[in-house]
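Shown below, as structure tokens, is a lone chain in the form predicted on its own; questions about how it binds or moves come after it.
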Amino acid sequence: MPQTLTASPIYDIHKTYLENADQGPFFSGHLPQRQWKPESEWIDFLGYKIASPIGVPAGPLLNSKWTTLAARLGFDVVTYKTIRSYEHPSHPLPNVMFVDTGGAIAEDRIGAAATPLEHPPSSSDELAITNSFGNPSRKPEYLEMDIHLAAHALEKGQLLIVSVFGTGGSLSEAARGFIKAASLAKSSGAHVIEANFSCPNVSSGGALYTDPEASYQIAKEIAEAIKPTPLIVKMGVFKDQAELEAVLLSLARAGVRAVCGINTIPMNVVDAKGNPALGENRLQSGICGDPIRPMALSFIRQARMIIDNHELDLELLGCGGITKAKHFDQFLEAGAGAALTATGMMWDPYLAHRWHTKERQA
């Protein structure tokens, strides 16, 4: 049976990114009491002991208020929304829309059309959104203070990842941007750094994560700069397993400690007249939520097989379409060392509690 979405969403899609960051999270429920496992049962993960392998990927946790709420709701691996080394504005509204993708997204529908919905879905089986923010970032002074607060608000057994982003007209410029943001995050208290390679990073366009040589070059420089802090690389979908294998081999050679996937799946979001629903210059945007889970699970299975076959020293974090508690288990069983939910926790902040208390929905 579908899970009814009864909890109020903690992100207000009618407010701007900054309004959500400053006024949110919009959570009025109670914080559930948690029975912590004994430390002897905690999990070794990237050099840390974590109480559970579930958490939130880069995206919904806009600042320390958001990471702290997620941690108190039972998410033990929390990721601070992607930062740059300089202040950068968000795209204007709309940033988030409910969409109809026509069901689960298969490979042949990447880049196809999705249409906005007038009303929110009533169940998690229909929860699909598009988001378009443009990787906004606050001033470095704000980030330094706020990441410190985020790190120190966590309980023992919880982990703070900070996602970082770099741009430039060349790979060397992009690398410098990544390193500057990663160094800021590290000095501010991040336990682990995640480099977002799943957005266009250089002027030539394209997604950095699909290029083995470029990924190697930039990842190696970041890993060296932040050593011994672990480095994760965030990925999107690949055209085939051979491409994924080449990139995983390159990242392992570069000193990367883990990979996380998948990011959103790009589609053309158009209104009834065929016009870009998000605005003239934003025809294509990322789709999140339930429809992307099959492709996300396929990524995890393929990546796990490659990592095991080559005996790569890489951890695997899985995300994409976790909207029910039982979906965490699907990702863990597919080979992920940690399973993360973004859209799911925004519309059902009790997902971690449901998992901890073994409340698995049908």
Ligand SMILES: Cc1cc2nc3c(=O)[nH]c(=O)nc-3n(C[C@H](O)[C@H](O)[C@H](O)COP(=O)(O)O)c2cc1C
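Numbering starts at 1 and runs along the sequence shown. All values derive from a computational prediction rather than experimental measurement.
As for the form predicted together with the named molecule, it is not shown, yet the points below apply to it.
Participant: Only one of V256, I262, I105, V162 comes within 4.5 Å of the named molecule in the model of the complex by heavy atoms, so just point that one out.
Facilitator: Of the listed residues, the single hit is I262.
Participant: Among the candidate residues S85, S188, T210, T82, which is the single one with a non-hydrogen atom no more than 4.5 Å from the named molecule in the model of the complex?
Facilitator: Of the listed residues, the single hit is T82.
Participant: In the model of the complex, does every one of N63, I147 and L154 come within 4.5 Å of the named molecule, counting any heavy atom?
Facilitator: Not one of the three qualifies.
Participant: Answer yes if any heavy atom of M346 is within 4.5 Å of a heavy atom of the named molecule in the model of the complex; otherwise answer no.
Facilitator: Yes.
Participant: Is there a non-hydrogen atom of A342 within 4.5 angstroms of a non-hydrogen atom of the named molecule in the model of the complex?
Facilitator: It does: once the named molecule is placed as it appears in the model of the complex, A342 has a heavy atom within 4.5 Å of it.
Participant: Just checking whether F133 would be counted as a contact of the named molecule in the model of the complex - the rule being heavy atoms within 4.5 angstroms.
Facilitator: F133: yes, in contact with the named molecule in the model of the complex.
Participant: Please run the contact check for T167 against the named molecule in the model of the complex: heavy atoms, 4.5 angstroms, yes or no?
Facilitator: So T167 does not count as contacting the named molecule.
Participant: Picking from 24-32, 38-46, 297-305, 315-323, which part of the chain touches the named molecule in the model of the complex when contact means heavy atoms within 4.5 Å?
Facilitator: Result of the contact check: 315-323.
Participant: Heavy atom within 4.5 Å of the named molecule in the model of the complex: which residues of 273-291 qualify?
Facilitator: Contacting residues: C288, G289.
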